[in-house]
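Each of two forms of one protein chain follows alone as structure tokens, named structure 1 and structure 2.
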Structure 1
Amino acid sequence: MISQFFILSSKGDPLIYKDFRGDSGGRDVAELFYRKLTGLPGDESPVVMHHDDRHFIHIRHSGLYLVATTSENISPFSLLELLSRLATLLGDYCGSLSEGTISRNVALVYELLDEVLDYGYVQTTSMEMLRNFIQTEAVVSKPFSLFDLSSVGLFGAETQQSKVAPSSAASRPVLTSRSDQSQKNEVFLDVVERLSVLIASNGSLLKVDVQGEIRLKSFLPSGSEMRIGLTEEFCVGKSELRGYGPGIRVDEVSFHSSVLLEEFESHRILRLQPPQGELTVMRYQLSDDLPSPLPFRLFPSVQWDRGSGRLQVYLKLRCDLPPKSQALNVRLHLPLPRGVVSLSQELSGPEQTAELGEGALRWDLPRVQGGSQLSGLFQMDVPGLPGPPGQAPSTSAPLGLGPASLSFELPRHTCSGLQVRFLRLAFRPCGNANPHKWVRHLSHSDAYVIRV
């Protein structure tokens, strides 16, 4: 059972401290945790740490440490799950999770904790249940303005580009004061996919893996029904193929418990009555068998002259997206052998940049159009590498070079091909404007690795 829970700022100051079991440790425990965490050797896992009989489990969220301690042999999974639920809950209640919002809403946080945990037993983490009990209202720092479009970035997915919705629209408390009804009618729906790919040095594909989820953040009154229509060709499992059409197939799907599936089999429609706040409607994964070509192909060639210590890397990057799509914030990261000193480059476009840093080459391409092909020629000096002098230039790469990894975002693109056809609300606005609906598709890289 959980003995204590606390939230520390990124500098280790306690923001919230709650003791459930009359533990003797007191507040020093928080300091002990922070000392332990910062003094941990690199290859040891910080996830579960212990000091004498006290075990610490923590997650880091928006720069804050959420820590639970226990002195018993309990499930670390439940603690980790609980901590991330708490992070979501606190975000929902206080608007966003940050040092400022927490310290402005201390009383609210304690009240929440009291309902979520009793004597260290988890009671509930459901927004729906909790709203019956919570009395305190959140203190919001700034009045929220819908038309403040200055800084962008949607909730959840950490992206910077798409100017779709105002940033702070999503970062306000789900339960603002009960009188203020005007700005509540908004729904955000995201289809986010994470792509991890591993390509061998001979170009063969070793592993493709897509983790997708449909996330919803609703400001509508709880219990208002909505229907989400997915691509009709969508199917689950390996054997289930429908006709000759381009099937959108995934290996596994799991749904949130509030999703009703009676229309799913026939029409691929998810019906749900979401509680206010954020929730993951559906999670799916797909491996090995992607319907569309991979977004990027990299063709590297390496010239390595051991004698003079000259290393020449030529990288050709081809984007295989449809011509109308584009990839944003593409960054290629190529670890280099130790001791690389100078870099000279020839890049195919003016907006690209390349630099050395932390023992690696970084090649930034802010925008890559589908179907285009970009290249970069990089020359480096590596004086320190051992090797017999006077050898002819070889094509075998020196140790420490590669593998190259790409990070990127693909707005309005899903690798699995899954799309949201429609989002319909059964909610009848009471005198206000129609609810705003924001639907967005996005893929981004998780680990896109090409071996050299």
Structure 2
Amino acid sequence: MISQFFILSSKGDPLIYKDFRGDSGGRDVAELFYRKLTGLPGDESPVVMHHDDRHFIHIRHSGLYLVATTSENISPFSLLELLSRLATLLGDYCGSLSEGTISRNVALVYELLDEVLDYGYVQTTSMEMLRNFIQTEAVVSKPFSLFDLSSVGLFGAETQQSKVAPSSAASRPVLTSRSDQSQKNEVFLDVVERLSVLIASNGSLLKVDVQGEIRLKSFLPSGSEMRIGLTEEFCVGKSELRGYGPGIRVDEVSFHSSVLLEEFESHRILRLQPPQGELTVMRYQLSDDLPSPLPFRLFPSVQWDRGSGRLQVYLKLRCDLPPKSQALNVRLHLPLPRGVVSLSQELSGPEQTAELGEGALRWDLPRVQGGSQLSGLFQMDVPGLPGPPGQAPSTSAPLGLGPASLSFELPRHTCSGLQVRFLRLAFRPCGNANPHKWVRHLSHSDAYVIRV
């Protein structure tokens, strides 16, 4: 049983507020929660907090805080599960979960809350049951895109139909109007990987980890059977080898409860009958042994004149992707010593930018082609770190410099090598239009750190 539910923006602005029992301090409780949250030391705040006789349980999703309060002695895990399911429902009905979509669909969000919770008690979080009661249509606008979808095929890189998904596909809500279902028979399948890497200052690899997911978003009628064929050489564990080519190995794998595995062992085929909406079909992990080279290597060179406080940093970034691949939205973040007051730069391309901000150097590269090599020369004055006059320049890094971190996206690329061979549907529409299938492969950095 919960007393209140509210959604706050990353700055603490209340977007949604629902008081189910009237036993709280009103909207001031949301402000109290955000003050307690921002007053805690460090970046990681506890998901469960206490104030007087009230418990705050929250999750953070897409920059938003989803918060439930209760004065009862309830298992926090059950409320965390409820908040996670609410986040999934809001994403399905609004198209995506963000401050903009919530603001545009306030009426729809409140209608969902009225059906999911009654006097603070959970009624249902089932998409199937809610579709019979939710009448409000989602308000959709063109979503923000990190890069041009039409040029790189973010959603649905070339599939069997050799099509590219429309730019609005990623944020299209699950439809509630039955009259529109026959016109929106589409399935979106994403293979998304997060790459974590730690590289020593001498270039040796200290740690590598890949966390992958196969995500499905279906607009087909619930119960429609589909078969997902994975790479035949896909194997779990180091002892198993399959096929004639190089093995594509992961250390651990888990499946959604609706996935049937009769054909997985023999043919690497997943069969399922998913409900309408979004679910994670499979999760997997790979550590310490990538089948391909790392996407980026950084070669830093530091010159520090202790006498004048002049710091010169030369960065050479090499992209080891295949020549036909590319990385997008690449950003290098390099912490600098305290007191840096100026920056002069020489970059290898006109589309690159660099600036100082929040005690760090940010070097932005919108697009990096596989096999290319980019460089930047940065000269800074650090008057707070002078040494004895006349001392020779040093190649050792001053205190406070580094480590460098990279963020990037790799469309149509998986670091593990896992690919979707096919996506086959057993669904037969009443009309002549066949269901559309969109498949995307995407890797992005999670924590890509290079010591200087």
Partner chain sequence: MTDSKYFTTTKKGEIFELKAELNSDKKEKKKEAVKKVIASMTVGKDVSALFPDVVNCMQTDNLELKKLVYLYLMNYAKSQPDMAIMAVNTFVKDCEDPNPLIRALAVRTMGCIRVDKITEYLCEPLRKCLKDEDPYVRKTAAVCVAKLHDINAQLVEDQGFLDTLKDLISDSNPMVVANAVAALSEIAESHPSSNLLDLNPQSINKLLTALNECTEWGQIFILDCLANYTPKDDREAQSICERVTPRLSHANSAVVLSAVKVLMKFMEMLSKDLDYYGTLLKKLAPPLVTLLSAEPELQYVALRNINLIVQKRPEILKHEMKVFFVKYNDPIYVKLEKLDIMIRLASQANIAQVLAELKEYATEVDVDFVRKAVRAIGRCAIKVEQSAERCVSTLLDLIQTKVNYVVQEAIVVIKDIFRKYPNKYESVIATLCENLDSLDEPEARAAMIWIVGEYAERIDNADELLESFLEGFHDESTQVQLQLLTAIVKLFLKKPTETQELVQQVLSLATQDSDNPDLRDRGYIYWRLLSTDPVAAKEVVLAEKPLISEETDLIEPTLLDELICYIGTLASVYHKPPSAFVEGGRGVVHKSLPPRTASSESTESPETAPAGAPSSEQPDVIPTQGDLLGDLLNLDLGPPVSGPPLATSSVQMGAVDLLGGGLDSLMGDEPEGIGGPNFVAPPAAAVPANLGASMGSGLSDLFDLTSGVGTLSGSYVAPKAVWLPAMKAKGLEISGTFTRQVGSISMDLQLTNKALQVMTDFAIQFNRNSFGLAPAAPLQVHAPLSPNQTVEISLPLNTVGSVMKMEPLNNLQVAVKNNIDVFYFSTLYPLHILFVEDGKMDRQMFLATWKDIPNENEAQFQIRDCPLNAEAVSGRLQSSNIFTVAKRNVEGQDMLYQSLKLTNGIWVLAELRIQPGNPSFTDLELSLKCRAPEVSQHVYQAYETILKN
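Reference numbering: structure 1, starting with residue 1. If you're wondering where the values come from, they're calculated on a predicted model, not measured in any experiment. Between two forms, the rigid core is the largest collection of C-alphas that superpose within 1.5 Å.
Displayed copy of the chain that is the form predicted on its own: Here the form predicted on its own corresponds to structure 2.
Would you tell me if Val439 moves between the two structures by 2 Å or more at its C-alpha, with the rigid core held superposed? No, its C-alpha moves less than 2 Å.
Taking the rigid core as reference, does Ser224 move its C-alpha 2 Å or further between the two structures? It does not reach a 2 Å shift.
Has the Cα of Ser78 moved 2 Å or more between the two structures, judged after a core fit? Shift at Ser78: 2 Å or more after core fit.
Following rigid core superposition, Cα shift of Tyr110 between the two structures in Å: The shift comes out to 6.9 Å.
Rigid core superposed: how many angstrom does the CA of Phe133 shift between the two structures? Between its two positions, the C-alpha of Phe133 lies 8.0 Å apart after core fitting.
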